[in-house]
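One chain comes next, on its own, written out as structure tokens in the form predicted alone.
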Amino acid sequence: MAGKVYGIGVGPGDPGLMTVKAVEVLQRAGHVFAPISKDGSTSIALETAQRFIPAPTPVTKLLFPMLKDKRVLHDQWMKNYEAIRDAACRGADCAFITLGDPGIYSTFSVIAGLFKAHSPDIEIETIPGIPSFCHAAARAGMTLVEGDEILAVASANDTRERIGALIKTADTAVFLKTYRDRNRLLDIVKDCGLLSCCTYMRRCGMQGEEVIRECDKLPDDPDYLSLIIVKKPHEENG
């Protein structure tokens, strides 16, 4: 009988923010899989969850390269899916761990889609995790939204037009994936007259965590693990 495949969100990077259910599943899993962006690199998700994985449990790192070549990406995704499928077909309950929540810009969505397409008989379960922007808001002492306000979550590498429209519509806009497009995003925010309403956070929940409220004075070296929250003052809401 095939094992079950779990997509486990380990939260923003602080092991103390992992859910009880995530820990329970990891402690009984037969095989753990963790994503990496290039060969030989570390997995922050694995570093976060490592203390909860029993020593005998096999752990496999799966490569999810940051490329635009869809053919190369698909071939690698299939290799990753096949590795997890083979372990599940041997009867192991498999845990795929990912930073934040598996449903928010997560590599697990790719894996889950491949299982639904090619192995619909293998059961999939998602264990949610605390999203980085929820922890970032808490660390910054910020309420994301209240009352009937609108919260939007987007990728910073979206188009200028869509980002501008989102900022104008939402009361609070969260931008993830700010690494490469941080300056372009801040230019759009500035054009909307909201630069003073930005909060920048890097390495949320990890060593080196930093909250910066003056986004016109950010360090020159953007951090891969960073996000920006644009929260309009109450008088502008509505």
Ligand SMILES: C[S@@+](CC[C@H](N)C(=O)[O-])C[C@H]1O[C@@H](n2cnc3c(N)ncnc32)[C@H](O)[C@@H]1O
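The structure presented is a predicted model; accordingly, all values stated were derived computationally and were not measured. Residue indices: 1-based, along the sequence shown.
Just so you know, the form predicted together with the ligand exists too; it's not on screen, but the next bit is about it.
Chemist: Contact with the ligand in the predicted complex for Ile104, defined as at least one heavy atom pair within 4.5 Å: yes or no?
Modeler: Output for Ile104 is yes: heavy atoms within 4.5 Å of the ligand.
Chemist: Does the ligand get within 4.5 angstroms of any non-hydrogen atom of Leu62 in the predicted complex?
Modeler: Contact check for Leu62: no, nothing within 4.5 Å of the ligand in the predicted complex.
Chemist: Decide whether Cys215 counts as a contact residue for the ligand in the predicted complex under a heavy atom distance cut-off of 4.5 Å.
Modeler: Because no heavy atom of Cys215 falls inside 4.5 Å of the ligand in the predicted complex, the answer is no.
Chemist: Given that the ligand is not shown alongside this chain, does Ile163 nevertheless sit within 4.5 Å of it in the predicted complex, heavy atom to heavy atom?
Modeler: No, Ile163 sits far enough from the ligand in the predicted complex that none of its heavy atoms falls within 4.5 Å.
Chemist: Given that the partner is absent here, state which listed stretch (84-92, 143-151, 117-125, 104-112) has heavy atoms within 4.5 Å of the ligand in the predicted complex.
Modeler: After filtering at 4.5 Å, what remains is 104-112.
Chemist: Under a 4.5 angstroms heavy atom criterion, identify the one residue in Leu26, Leu185, Ala45, Met201 near the ligand in the predicted complex.
Modeler: Filtering the options by heavy-atom distance leaves Met201.
Chemist: Note that the ligand is not shown here; using its position in the predicted complex, name the residues of 41-60 with a heavy atom within 4.5 Å of it, in sequence order.
Modeler: Stretch hits: zero.
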